[in-house]
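Read the single chain below, which is given as structure tokens and is the form predicted alone.
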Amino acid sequence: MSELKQYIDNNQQRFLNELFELLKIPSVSADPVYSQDVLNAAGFLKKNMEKIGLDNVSIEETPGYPIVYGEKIIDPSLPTVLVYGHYDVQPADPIELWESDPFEPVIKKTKEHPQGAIFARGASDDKGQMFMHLKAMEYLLKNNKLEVNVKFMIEGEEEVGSPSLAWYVKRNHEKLKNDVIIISDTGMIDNETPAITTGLRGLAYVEVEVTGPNRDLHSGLYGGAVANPINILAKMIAGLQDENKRITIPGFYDDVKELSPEERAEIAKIPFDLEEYKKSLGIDEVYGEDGYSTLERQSIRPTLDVNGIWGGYTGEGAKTIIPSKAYAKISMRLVPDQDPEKIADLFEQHFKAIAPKAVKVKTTRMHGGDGYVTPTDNEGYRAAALAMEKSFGKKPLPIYSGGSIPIVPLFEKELGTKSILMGFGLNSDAIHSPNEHYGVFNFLKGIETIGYFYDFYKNLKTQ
């Protein structure tokens, strides 16, 4: 057994205990009720960074929640790796669907994780994956194995769109100067099939408000004579896709790049069991844009989804009204070359155009971000691939992710360096959902792989 694997084996329970302490902190950035908890999570990371031997550890103030920074500069002439992660988490709602307390982590076995999985909010997204980097760094520093410079930047607002990160990065170019950025906030295909994410979708997120009468009305006295905003909103939303499940917004597909048959053939090689996919989700059939596979629909094609819809009376019993207002939150996942601001403009123009005169429509932009493609021929990707091959015993597959990480294109624009998306989660980990979990195997294998990454990267950069 290698020194690294032996160290992980000897310290496995301590690593898990420390992660559990972090997971117990309900650092929900979207809800001001948890503001002190978010700050407590930042304080926990600061102490851990100091404990493992990082230098210049600090809680960096921003207009929002702080960034936790730490570094170890071995030699300014050596390559520098910047590690990014986030310590904030999604709200746990709906609480009643959790099988255990979302902020009291427990380990339970699952089909995908026979060695056990950690059930807690943030276990996979992103506390568990971010914490792997600190534990790998602990080993490297304790055993004098670090041969490149490293900087950590862990933020507390990723789950609300990272509103303060651009502010911070723009003001700290020199401090954050690096040769490559490594991020573990993505996933693999399964525990036997490692993968590195090479493409991310962008995002445009809007909230719409449809207003009819100036107050709620008696549905008996006014029904049939006045527009019902909920009925109207439902019809408008239904019209945003045609019978082929293509989005009907004029100009929406203008900048969408069609992949070549060869590129689509590579995607088709990715291991995927459609029947198991449907079974795991409890659905009888998949659904999406005609002419594309499920893997393509969830990675290389743009989408439009309603994330929430509400209005009128939703309490116990009956209340016969025509509501004054109806609302919906709508997200559009975008592929590289689609500009989120342009798409938001097109959505707003179209949504107002299809509204009948009987209602008024207001749209509010929430947040968004560009898509991203990572080249596979740079030293960072090659080092990550070699590290995964060493720890898993097989070469990782390059994959496209349907998710969005808006800060990745921001980093390249501001810092001029590429980000390597080396994540260890699985699609079944239920991130953003009740019963989120992260495999113990994945947590420990991630520490091992990250530990190997630095040695490979140093050799590739200095050969």
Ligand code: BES
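Here the structure is a predicted model, which is why all the values come from computation and not from measurement. Residues carry their position along the shown sequence, with the first being 1.
Separately, the form predicted in complex with the named molecule exists; it is not shown, and the next lines address it.
#### Entry: One stretch from 271 to 279, 111 to 119, 180 to 188, 258 to 266 that, in the model of the complex, holds residues within 4.5 Å of the named molecule by heavy atom
Result of the contact check: 180 to 188.
### Close approach of Glu155 to the named molecule in the model of the complex, 4.5 Å, heavy atom
No.
### Query
At the 4.5 Å heavy atom threshold, is Glu159 in contact with the named molecule in the model of the complex?
Close contact exists here: in the model of the complex, Glu159 approaches the named molecule to within 4.5 Å, heavy atoms only.
### Message
How about Arg333 - does it come within 4.5 Å of the named molecule in the model of the complex, if we only consider non-hydrogen atoms?
### Response
Looking in the model of the complex, residue contacts with the named molecule include Arg333, since a heavy atom lies within 4.5 Å.
### Query
Is there any non-hydrogen atom of Ile405 lying within 4.5 Å of the named molecule in the model of the complex?
Yes, Ile405 lies within 4.5 Å of the named molecule in the model of the complex.
### Task
Report whether all of Val208, Lys342 and Lys362 sit within 4.5 Å of the named molecule in the model of the complex, measuring from non-hydrogen atoms.
No residue of the spot touches the named molecule in the model of the complex.
### Query
Ile249, Leu217, Leu203, Val150: which sits within 4.5 Å of the named molecule in the model of the complex by any heavy atom?
Spelling it out, the residue with a heavy atom inside the cut-off is Leu203.
### Task
Tell me, out of Lys395, Lys413, His432, Lys51, which residue has a non-hydrogen atom within 4.5 angstroms of the named molecule in the model of the complex.
Comparing distances to the named molecule in the model of the complex, the residue within 4.5 Å is His432.
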